[in-house]
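Next come C-alpha cells for two forms of one protein chain, structure 1 first, structure 2 second.
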Structure 1
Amino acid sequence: MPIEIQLPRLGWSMEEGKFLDWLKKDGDFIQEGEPLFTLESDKAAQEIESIDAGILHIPSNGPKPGDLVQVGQVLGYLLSQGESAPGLSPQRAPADPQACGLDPSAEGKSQRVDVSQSTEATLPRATAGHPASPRARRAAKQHGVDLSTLSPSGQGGRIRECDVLAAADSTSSGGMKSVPLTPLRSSIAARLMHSRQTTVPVTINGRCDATELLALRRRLKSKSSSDQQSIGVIPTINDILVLLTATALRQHPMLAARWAGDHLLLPESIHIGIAVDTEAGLLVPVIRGVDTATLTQVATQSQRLIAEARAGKLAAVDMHGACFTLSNLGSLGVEAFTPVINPPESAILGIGAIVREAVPLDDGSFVARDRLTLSLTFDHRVNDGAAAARFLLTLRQLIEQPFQGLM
C-alpha cells in the first residue's frame, strides 16, 4: 500500500507550516531516516527525515515550494516497486467506502482508517466557518480578505459580498493592499506582544568612548591579513561587544536573570542572543557559552548562525536558551533606541552607531573621539534602575578599555 507522507507537527501548537522544498526527486528510492523535505514552522526551517522507506511519488497537484500546508496534509507517497500512486485530492472529503468502491476486506478497512486520519487534520479548517456566496469568494480573492475572519450578514449565516467589501474597506481604505502574514511574522508579532504584556520595561541610555574598540578591531583585521597561515574568522565589533557583555554580566548576574513568578532563575552559563535582520524578518540566534569562549570562538559561532539565519535554515534549537540579547541598529545609523525584551530574558542591549565627535578636554581644547550610545531595556520587576545603571557603567568601561576586558 502507498505510504502517505504527511506534514509533521513540530511543536504541540503547530497548525501549519510552510513547505519549502523536496530534498529528493520523484522516483528516488528513499531510505528510512534520509532527509526528505524542508519545512518552515514557527521561526525555523528544518529538514524532515523520512520515517519509512520506499519510492518517492510527488503528486503533480501536491504542495509547491512556499505553500502553507496544514499539519497532517499528504505531501506525497512512498511506494513499493510496481505500485501505482493514488490520486491526491487537494481537499479530501470524509471517505465513503461504498462511493470509493472499497470492499470491506482487511485491506479496505486499514485504508479507510488512513484516510480518515489524514482528513481529520485537514477538514476542520476547510469546512469550519461560514459558507460564502460565489460572489463573496471572488471579492475576497480580489481584495485579499480572509473569509474565515468575517462575520456573515446573510440569512442563515452566509458571507455576502458586502461583508467582504466592508472588511476590505476597513483594512485597506485608501487603496491599500493586504499582504498575508508569514508564519515568522505571526510569530514575531506574538512574541513582541507577549513581551509588551508581561514585562515592565525601562530603557536607559549611556554614551561611551569607542575609539579603543575600533583600534582593537583594526588590529584584529590587520593581524588576520598579515598572518598567512590564519584562515580564522575576523571578529566583528558586535562579536567583541558580545564578549564584553558576557564579562559585564558575570559581574552583574541579575541582568541575566529570568522572572519565574515567585522566584528568579539565574543561568549557569551565559548564552547571548543576537538580533539578525533577514529578508523574512527578525531572527535571534543564540551564541552559547560566551562566558567561557574566546573571541574567535564567539566570532565563529556568530558567523555561522547569521549565515544560517539569512538562508532560512536556522534550526529551532539555535534560537533557544539565551539569557540576554544584543540588538545592533548602529550600522543603519541609529544612535539610540528602545529595544524590546525577548522573553523569558529580562534585559536587552541596544547598540547605536559609532559617531566621530569633538570631545572637550580639561584644557579647553578638543579632541576627535569615536563614541557610541548603549540603550539598555530591562524588566523593572527583576532589576531596579540603579542596578541596571551599574551594569551599564561596567560595560561602558569595558568598551572604553577593551584590551583589558578581553584579558
Structure 2
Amino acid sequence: MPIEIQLPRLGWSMEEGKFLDWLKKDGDFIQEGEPLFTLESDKAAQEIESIDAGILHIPSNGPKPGDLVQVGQVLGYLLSQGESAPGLSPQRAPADPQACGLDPSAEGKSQRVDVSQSTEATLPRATAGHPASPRARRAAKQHGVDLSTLSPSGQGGRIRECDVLAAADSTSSGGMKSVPLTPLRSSIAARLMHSRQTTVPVTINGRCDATELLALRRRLKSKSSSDQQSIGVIPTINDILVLLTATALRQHPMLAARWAGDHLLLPESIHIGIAVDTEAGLLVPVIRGVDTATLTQVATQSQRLIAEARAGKLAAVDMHGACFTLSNLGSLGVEAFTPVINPPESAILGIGAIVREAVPLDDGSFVARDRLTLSLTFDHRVNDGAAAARFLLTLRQLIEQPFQGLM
C-alpha cells in the first residue's frame, strides 16, 4: 500500500514549517536514506530523508515552495511498482516526535522520516465554511473570538491559532495592528530567554585605537586591486577582527569555555559565530577552525556564510559548534551596546562603530585618531571580571598592532 510522506516534528515546540522544495522528481525511485525535500524550520533549511524506498508520487494539490505546512501533514507518497496513487489525506498531527520516526534531541540536524508509521488523524472542525485547527478552537474559546468572523491564513483556507490571537489582540489593542510571530522570531525569542535564564551575564567595555586596523584594510584592498591574478575575496574589518579574536582566545582559552554543571568544557578548535542581520531576523553562522586559518580563508568562509544566510539557504549545521560570537553594529553607527550571550557559549563580543576623535598627546597637543569601542559580555560563572578584562586588553593590543597579530 502507498507509504505516506508526512511533515516531521523537528523539535518539541515545532508546530509548522515552511516547505521549500522537493529534492527529487515525481516518478523517481527513492532509495532508503535519500533526501526527499527541504524544510525551513526555526532558523535553518534542513534536508529531510526517507528511511523507506519506493517510487515518489507528488500530488498536484500538494504543498508548493514557500507554503507553511503543519506537523503531520501528508506531503506525498512512496509507491510500489504499478501501484496507483491516492489523493492527499487530511492533515495529521502526531502526538509526539517519535510518531514520525524522529529523535527529539536532534534539533538542527538532518532528520530521517519514518514514513512506515501512521498516526491517528486529527481533523479540524468546520466553522461557517472555514475549518479550524484544535489549537485555534481552544484559543477562540479562551479569548472569546467568533471563528466565523475570521479570515483564514492556513493552507486550504484553514483558521490557525495565530489568526485567532491576531483577532483577540485587535479588539484589545486600541486599533493597533497585530503582526503574528514568524517561526524564526519565535526561535530567537526562545534562545534569548534561555540565555537570560542560564547565564550570569556581565558586560565590560574597552576602547582602542583603530588607526592601524584601517591601514591594514586599505593595504589589503590596494593589494587586491594591483594584483591582476587575484581572484580571492578582500577581507573586511570584521574578518580581521574574527582572526584577531581567535588569537586572543588562544592566549585566554577560558573565554571560549562552556559551563557544564560540575565541570567546564574547553574546545579543541576555535569556531567563531558571526551575527548576520537578514530580512527574516538575526542568524549566527559559524566560521570553522579560525585558530588555524589564514585571513583569506576566514574571509572566504565569512562571505559564503553571509550570502547563504541572507538568501535563506543556510543549513542548520552551519549555525552549530561556535565557542565565541562576534556581533558587529558598527555599520549602523552604534558605538557601544550590551550583546546577549548565545548559549551554550559563555562570551560574546560587541563591535562598535569606528569614530574619528581628537586624542590628547603628552605635550598637550591633539591628534585625530580612529577609535573603536569593544563590548564584552561574559558568563560570570565561567570567568571572573579580571580574566575577562585581561582577554579584552589582549584583544585591544592586537587591534592596535594588527600586522603583528596576524603573523
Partner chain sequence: MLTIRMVEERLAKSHQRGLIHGACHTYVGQEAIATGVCAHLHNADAIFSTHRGHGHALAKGMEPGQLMAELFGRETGCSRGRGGSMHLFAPEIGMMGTSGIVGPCILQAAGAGYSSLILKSGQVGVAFFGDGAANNGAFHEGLNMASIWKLPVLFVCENNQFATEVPFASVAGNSSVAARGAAYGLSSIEVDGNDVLAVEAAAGEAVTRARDGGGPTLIECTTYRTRAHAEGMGDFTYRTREDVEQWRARCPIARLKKHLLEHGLASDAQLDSIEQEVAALTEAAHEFAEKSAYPTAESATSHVYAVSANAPHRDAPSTSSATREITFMKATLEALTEEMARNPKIFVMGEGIGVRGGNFATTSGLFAVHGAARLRDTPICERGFVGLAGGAAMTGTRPVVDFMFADFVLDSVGEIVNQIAKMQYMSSGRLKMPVLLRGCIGIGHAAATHHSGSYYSMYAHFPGLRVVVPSSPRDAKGLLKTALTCDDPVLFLEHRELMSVKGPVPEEEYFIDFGKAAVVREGSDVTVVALALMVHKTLAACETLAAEGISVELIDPRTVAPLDVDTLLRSVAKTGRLLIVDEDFAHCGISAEIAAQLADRGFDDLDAPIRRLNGKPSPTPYSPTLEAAVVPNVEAIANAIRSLHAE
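When a residue number appears, read it as a position in the sequence of structure 1, where counting begins at 1. Nothing here was measured: the structure is a model prediction, and the numbers come from that model. Think of the rigid core as the biggest set of C-alphas that the two forms share within 1.5 Å after superposition.
- Here the form predicted together with the partner chain appears as structure 1, and structure 2 shows the other form of the same chain.
- Relative to the superposed rigid core, residue 63 undergoes a CA displacement of at least 2 Å between structures 1 and 2.
- Core-superposed comparison between structures 1 and 2: the Cα of residue 21 travels 2 Å or more.
- Annotation for residue 81: C-alpha shift of 2 angstroms or more between structures 1 and 2, rigid core superposed.
- At residue 36, the distance the Cα travels between structures 1 and 2 is 5.7 Å after the core is superposed.
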